[in-house]
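Below: one protein chain in two forms, given as structure tokens, structure 1 then structure 2.
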Structure 1
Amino acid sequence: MLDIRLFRENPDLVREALRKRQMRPQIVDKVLELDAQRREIIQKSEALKAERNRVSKEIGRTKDPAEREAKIEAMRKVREQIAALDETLRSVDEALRDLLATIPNIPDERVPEGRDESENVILRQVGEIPQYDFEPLPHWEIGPRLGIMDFERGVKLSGSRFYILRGAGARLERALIAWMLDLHRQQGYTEIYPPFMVKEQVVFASGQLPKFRDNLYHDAEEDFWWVPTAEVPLTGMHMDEIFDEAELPRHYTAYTPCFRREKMSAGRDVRGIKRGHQFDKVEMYIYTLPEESDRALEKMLADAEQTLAELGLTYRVVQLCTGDLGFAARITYDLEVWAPGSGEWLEVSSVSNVGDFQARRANIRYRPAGGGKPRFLHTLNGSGLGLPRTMIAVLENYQQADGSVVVPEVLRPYMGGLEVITPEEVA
């Protein structure tokens, strides 16, 4: 959510931001119009309320019955006027809030302008694209051959875009989660185990609602939404709180499954485990002072890169252009890992500084050390790594000519010392 004052004081800045994001800027005028209406009504209503409060106090002191009755009668009318104004105010207010809620964050000025993902900028590549003296297989062949992935039975249970991990595959998933959480803990993040179902208000606070309703699962009878990312509960966790400046920054990491309807992407990436309705992810999240959020973004990016480096995977750092930037983000780096079998770069991580956008929606503030009014803080989020794609990269990069897969060294302690996954090792 953007500050309404930004629209009043610098509407061109907002228009320009919308244009860069390939959106129509006319919405700004609609916001300004509603804002003007809103304030006009407030002034009328509050003037009447002031009068009502004043006269009501007089009534308490008025002895003369006739005078008293006259005043009561007058205030009856005032009450009706107030009720009518407040009803209009409610609808204007709601329209304004609804409108503001659909407007994305202002891109950081350092973000390159571009129409869509084709204009993202590759900042650097770390590691070489590995060469094989055999034809590397895609994971959807490696998995079933090893007996660690079962697509048919996943479909039997839940339909398309679901799969079963089995034996060493299931253990590999668990190992990746545990290892990443441990790594992030060493990097200074506090581990959180949040609810996987949250209230609507929480999904709104992080920015997934109202815009991405079609991508979310929710309970038909209760006010429960299945988290599409740990970012949602990690934002909502501190909703309506005021931190002392000394309590910042806060670093959190959390494993959650993520549930997404993926309605928009029907037909895309249907093979393998790249895109599913349910997947695991380890997330990093930082609450910080506004002045320090740039630095926090660099830390978080470095921390995410470390996971790929320690897994020994080749990756590249991509800066998203304005046209590909997420709704809440001001600036985002994606990490893409090379998958030799699939023959593509896979987005495994997305690290963003959202500024005060989510903090304003969630009403999360801090009190400056010298005292004074609470201010909105800044939040950042980044995937520690999306698990399925990390697993794809591990399987495809570490595969051997005989079809077995070497377990990356850092994961071995989490897999009982297992060094190579072979069909025999599945059980």
Structure 2
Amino acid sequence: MLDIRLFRENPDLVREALRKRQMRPQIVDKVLELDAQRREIIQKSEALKAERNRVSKEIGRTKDPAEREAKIEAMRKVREQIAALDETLRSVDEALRDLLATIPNIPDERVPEGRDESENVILRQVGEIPQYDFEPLPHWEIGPRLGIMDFERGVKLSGSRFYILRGAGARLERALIAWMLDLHRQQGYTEIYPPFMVKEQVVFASGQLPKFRDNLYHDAEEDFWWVPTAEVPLTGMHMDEIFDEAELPRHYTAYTPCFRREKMSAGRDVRGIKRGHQFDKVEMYIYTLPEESDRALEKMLADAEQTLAELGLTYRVVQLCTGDLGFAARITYDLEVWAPGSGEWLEVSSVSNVGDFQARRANIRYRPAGGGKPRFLHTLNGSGLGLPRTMIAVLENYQQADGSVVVPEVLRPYMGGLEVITPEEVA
């Protein structure tokens, strides 16, 4: 959430940021209007309360019964006015808070301006597009032929966009998760196993609410929200806490299944396991000092790149433009991996610095070592990596002419030494 002082002191900065994000800047005027109303109500209320306190003292010193009764009656009316103002203030406060909750973060100056994902900037490609002496297959053909991926039974269990992984396929998914968690621990992250359901205030703190309400799964009776990403519980874990400066930075990694109502587009998006309502992901998350957040972003990006490099996958680094930037993000780099069978680049990681945007929502602060009031810290998040797209990349890049799939070397210890996935008998 943005600081209200930013609207008061530099409203044109917010207007320009919203314009760059392809949003209507007039919302800033509404914020300023509500803020002015709020301050006017507070001023009137404080003046009446001061009058009440003054007259209350006079009442105690007033000897004349008629005069005393007149002052008491006048103060009764003042109390009613104060109560009415307090009720109006609660309403204006709520309206202002709800409006501020819909306004995204201010893009970093380094973010290129653009309308949508078509204007994102490719910064670099690492590795060459692999060449084959056979026609590479997409994963939705590789998996069923090997007997490790079952779409029909997934649909039978849960409906469209669900599937079953079987045998070496299930082991490969588990191997990727375990290996990535171990790698991130080596990179300095503390592993967390969080709940997969959280309270509404936790979802709000991460910036998922109210904007993405329609994309989230929710049990209203228990106020459980199924996590759309581990970023949500990793943000909420330190809600309403104050760190000592010496305790920062904090580096966390976590695996969770993720649950989202995906809106499927026509064409290749509906084939295979690229998009689904349930998927696995390993997340990286950093709490840090504001002056260290740029350095933390560089670290997180390097850590995500190392993951792809050790898997031996060709990838590219893409900087998101203002029109494609996530709601909470100031600056974001996507990592896209080449999938030769599908014939496309797939986003497997999105690494973002969100500044103090989430910290303000979650009320997470730190005490400066030199003293002074607690300040909001900065948070960063990144996929390290997201499945099943990493699974797609492994199956399609490591496929062989005979239909088998070579297991990447770093995953073999997690697969019981298995080097090649060959067709399995399917019952």
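Source: prediction; values computed, not measured. If you superpose the two forms and keep the largest set of C-alpha atoms that fall within 1.5 Å, you have the rigid core. Counting starts at 1 with the first residue of structure 1 and goes up one by one along its sequence.
Open item on the list: Between the pair I just shared, point out the form predicted on its own.
Closed with: Only structure 2 matches the form predicted on its own.
Task: Rotation (degrees) of the lesser rigid unit against the larger between structures 1 and 2 - done: So the smaller rigid part is rotated by 18 degrees.
- [ ] Once both forms sit on the same core, give the Cα displacement of Glu51 between structures 1 and 2 in angstrom.
- [x] With the rigid core fitted, the alpha carbon of Glu51 is displaced 4.7 Å between structures 1 and 2.
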